[in-house]
Structures are given as C-alpha cells and as structure tokens.
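Below you'll find only one chain, the form predicted alone, shown as structure tokens.
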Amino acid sequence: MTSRRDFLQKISFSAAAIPFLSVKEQQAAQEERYDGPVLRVAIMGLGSYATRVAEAMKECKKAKLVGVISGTPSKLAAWQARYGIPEKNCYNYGNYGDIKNNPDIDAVYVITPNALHKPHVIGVAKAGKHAICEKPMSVNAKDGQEMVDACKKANVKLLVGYRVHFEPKTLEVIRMRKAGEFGKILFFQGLSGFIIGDPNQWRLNKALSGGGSMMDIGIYSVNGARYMIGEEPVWVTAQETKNDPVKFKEGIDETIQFQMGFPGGAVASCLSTYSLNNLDKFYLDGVNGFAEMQPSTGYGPIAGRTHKGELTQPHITHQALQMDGMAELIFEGKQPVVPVDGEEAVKDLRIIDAIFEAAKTGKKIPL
C-alpha cells in the first residue's frame, strides 16, 4: 500500500468515456486529485485480456500496475518498457513466490488459462499477497472452494474479475429490481455467444480450459441470472448441441442451452455458444415491467432500456471501475452491490458443474 501523496495523477476520464458531462465538468474531473491508499498490482499471464486490464488501469485512481509475471522473457521486457515496471517487480512462473519478499506489491491479478488459476492463486496466497482471479475462478466448484480455503488460511483476499458488477447500467437495473419497480420477477433470458476462431487456442483445450463455451462466455448468463433475478437457482436442466466434433472435441462444449428454476417462481432460459455471433443479451421480465440489455456484458458501452425508457448511465471502462472498486474493498471494506469474492465465484461453479451433469444425463439436477 502507498499513498497518492507520492503518486498524484490526474483522472483520465475523456469526453468519449463520459459523454454526459459538460466540458466544464470534464475539466473539473480531470483536475480532481486522490490522496488515499493505492492498490499496487502485479499481473500474472500477459495475454490480450491482461493488456486490456493494464490499459484500463491507467484510468484508475486507487489501483496501479507495478509488476508482471510471465513465462515469456520477451513479454516481460515489452511490458517493463511499456508500463515503466522496475526490473525487481518482474517474475516468471518459477520464481513468483519471491513476491513474498517484495513490499511494493499488494496483489496479483491471475489471468492465466482456467486450469492454472488454482495453483497460481494458491501460490499467490502462500506469498502473502491478495489474489484477484479472472473468471471462471477455476474448472469446477471443488477446486474453487480449495482456492477460497487457501486464501482464508493465508489471511488474504480472493477476488474475482466480475467487471460488470461495477457497471452503471447493470447496477441501475439491479436497483430497480430491488426497489420493486419490475414487480414480481417471472422470467430471465441470457444469450451469450460468439464464433470462436483459432482451433488450436487454449480455450479449446480441455486440459487448460476445463470446458468450452460454458467456461468462457456462458458464465455471464449464469451469473447474470443470479444478480438480475436476485435469487439463487434451485434446479437446472440443460441440452448440448455439437455440430463440429472436430473443432469441439470431447469435453469442449460448442453450444449448451440451459434452464434454471428459482425459489420465487422465476425461470431462466439461457444459451452459451461458440458458434453464433450477435449473442450478448439479457432480458428480465416482471409483472409490472421489464429490462432489456444488449450488449449486456461486452466491454462496452452496455446498452439497455426498461419499461421506463432508455438506460442513460455513462460508460466508464469496466476494468478501471473494477480495479478501483477492488481497491476500495481491500482498503476500506466497501462491498460492491453484487459480491466479487471467491464465495460468489464458487456459486457460479456449482451451477456450471450441474449444467454439465444435466447436459450429460438429460436429468433435472437439484441445487
């Protein structure tokens, strides 16, 4: 932890990022200073999403990129030069445990393939650093729970990259639902999918990914159903469709349709796929109103409307909101509206485990 007394930086909200502010308001925002604790983060796994997170953190007030961990020396050198990272904060997968002796790193954001999340997070915890893990947190609920337990034992936080839990339009829909503006919730639809490219990528390798579309894009509909309806499902059913068994080998789902039932009587009908584009939609229906979001979980801007009209909250880079929010959680104990901790992630993993079982057996699986 450090202070902005030593690191004062202007907020870099641009007119494009906050389209609803006047020029005067934008100038005032740029001049604002932050003088509190800063979460100093190292990123583990320097792929494309790590780059997105690193770029977003330039906008953060309360979090700063200070270190990197990679098995590729050329990536370490490139990131060191691009982000001004000191040599002492650069590690590989063989020596990253040495971060326990580095007081300049508070947390490590693990953005490696799904199956590596467990050993990497546990390694971070053993080094005494807070762990931020990209979703899905692991390949099954059992491993996820072991990660939670390891972080508790080490007395460090385990947070998960649920960026839309900080997204303003999403939070407005949740506020409306909590306020009863939709009335009794009866139905949720979640459509999550895209056509995946390179057949040799790790996401199509069962040993690294733990599954196909469900372990990548499908988790958005699982998680979204829970926070949009505001309840935990009590049963699931599921059906798998596979049209390309060459590209989508055994254990790699191409398309799964799944349904969930909730204790209040609501049902969810969802689709997860690697074979269809233009699928990023949430629809929530209640007795007195509705909310429709499309795109619902993409990098933004999110777009949506309710029975009361268009959602007009400003777009701010999701990962910047997430990292500042996580800094507030760690330093101030400020909890987000929807949790982003390891326990939240285990709930999603239990549902995904049940979806896979339902698709395999054709049975209705109780939760």
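Numbering starts at 1 and follows the sequence shown. These numbers come from a predicted model, not from an experiment.
Here the subject shifts to the form predicted together with nicotinamide-adenine-dinucleotide (NAD), a form of this protein not shown in this document.
- Every residue in the set H117, K135 and L208 has a non-hydrogen atom no more than 4.5 Å from nicotinamide-adenine-dinucleotide (NAD) in the predicted bound form.
- Per the 4.5 Å heavy atom criterion, nicotinamide-adenine-dinucleotide (NAD) in the predicted bound form is contacted by stretch 41-49, the sole one of 301-309, 338-346, 59-67, 41-49.
- Interface residue among G161, G286, G224, G193 relative to nicotinamide-adenine-dinucleotide (NAD) in the predicted bound form, by the heavy atom within 4.5 Å criterion: G161.
- Between nicotinamide-adenine-dinucleotide (NAD) and the residues W202, F262, F187, Y83, the one pair within 4.5 Å by heavy atoms in the predicted bound form involves W202.
- nicotinamide-adenine-dinucleotide (NAD) in the predicted bound form comes within 4.5 Å of no heavy atom belonging to Y96.
- The shortest heavy atom separation between T255 and nicotinamide-adenine-dinucleotide (NAD) in the predicted bound form exceeds 4.5 Å.
- Using a 4.5 angstroms limit between non-hydrogen atoms, D216 touches nicotinamide-adenine-dinucleotide (NAD) in the predicted bound form.
- A residue is said to contact a partner when one of its heavy atoms sits within 4.5 Å of a partner heavy atom; T112 meets this definition for nicotinamide-adenine-dinucleotide (NAD) in the predicted bound form.
- Residues of 217-251 placing a heavy atom within 4.5 Å of nicotinamide-adenine-dinucleotide (NAD) in the predicted bound form: Y220 alone.
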